[in-house]
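What follows is a single chain, given as structure tokens, in the form predicted on its own.
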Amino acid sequence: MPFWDPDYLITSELQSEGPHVAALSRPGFESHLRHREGQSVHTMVHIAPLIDGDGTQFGWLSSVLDITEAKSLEEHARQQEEKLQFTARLVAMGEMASSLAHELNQPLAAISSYSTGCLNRIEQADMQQAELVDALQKICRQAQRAGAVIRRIYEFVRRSEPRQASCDLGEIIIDAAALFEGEARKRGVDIRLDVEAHLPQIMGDRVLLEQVLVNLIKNGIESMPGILEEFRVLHIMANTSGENSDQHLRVAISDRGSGIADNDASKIFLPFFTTKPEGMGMGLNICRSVIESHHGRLWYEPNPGGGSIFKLTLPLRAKRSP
């Protein structure tokens, strides 16, 4: 028909294989129609078979709703959310800049020292080849260490479209924690990882999931400045829980910091709410949005030993978006 968009033909929805059941059991489907002025119109189509008294289908009844404006608003909101997530990553990296500079300075200083040592030994007649090989191997390891730091920074702050791919959550946790090695040492915080070996892969956006973990780890480290050093422990646990089709990955990040006041606990995930003088109040809100977009849950519990526990779960079996 002339109003059907040739790129979005509805004929596949009206195939003869079980149309009575298919049409009646579905709430509707999105498609496109061609406006008389030529532009494509985004639509929601509901269909039902027309059946006579003998049970014979003789046609279709359909209703069509124009959802072009709603889809445009939805896309605009998605783009704004993406920009906000990107800004939050830049802010986080800016706050960690001095620590990351220190992380890079250490392997670079070691490379310079080993290189100088190699040159000095080469100038000496009694140099042993084994000594030179050992020094060169150390230079290589330090260069790889510096490269790993740069790679983690690049992967975290790069601007990209959200994408679903197979992810190793254990590896993401290790990378996120590695970004804070220098900051944790400077603040006297011991980051302890308790990640179950060979965690199942999940479908998700690696960068966004790492952003969630970075925010939660950062909050935990920053919550313990006035705590005795022996208690400055950030514990990150990850394992599987549930059974069969309801199985999911579970992550808990616990600190022994000052905790969250009872009257603030219900507000911490609200946008622009913060207990930090310099905070934007968007970190936890973004974290929850990211986890929920992965069909998971994120919530807060007080730590019985003092401090906070942030827990999240992610389903192992992918769910279809509505």
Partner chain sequence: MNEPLAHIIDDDEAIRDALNWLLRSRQVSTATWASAESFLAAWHEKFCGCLILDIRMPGMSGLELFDQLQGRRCLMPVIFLTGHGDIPLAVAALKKGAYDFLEKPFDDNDLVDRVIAALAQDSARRNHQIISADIAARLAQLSPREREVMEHILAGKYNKVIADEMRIAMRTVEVHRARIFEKMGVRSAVDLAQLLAELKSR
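What you are looking at is a predicted structure, and each value in this text was computed from that prediction instead of being measured. We call the rigid core the largest set of C-alpha positions that still match within 1.5 Å between the two forms. Positions refer to the first chain, counted from 1.
The protein also exists as the form predicted in complex with the partner chain; that form is not presented, and the subsequent description refers to it.
### Query
Which of Ser166, Gln247, Ser112, Ser72 has a heavy atom within 4.5 Å of the partner chain in the predicted bound form?
When the partner chain is considered in the predicted bound form, the option within 4.5 Å is Ser112.
### Query
Just one of Val233, Ala143, Met203, Cys118 has a heavy atom within 4.5 angstroms of the partner chain in the predicted bound form, so which one?
It is Cys118 that has a heavy atom within 4.5 Å of the partner.
### Task
Choose from 132 to 140, 195 to 203, 247 to 255, 175 to 183 the stretch whose residues reach within 4.5 Å of the partner chain in the predicted bound form, heavy atoms counted.
Of the options, only 132 to 140 has residues within 4.5 Å of the partner.
### Message
Using a rigid core superposition, assess whether Ile174 undergoes a CA shift of 2 Å or more between this form and the one not shown.
### Response
No; that C-alpha moves by less than 2 Å between this form and the one not shown.
### Message
With both forms fitted on the core, check whether the Cα of Ile227 differs by 2 Å or more between this form and the one not shown.
### Response
No: Ile227 shifts by under 2 Å between this form and the one not shown.
### Query
Cys118: with the rigid core matched between this form and the one not shown, does its Cα shift 2 Å or more?
Passes the 2 Å threshold, so yes.
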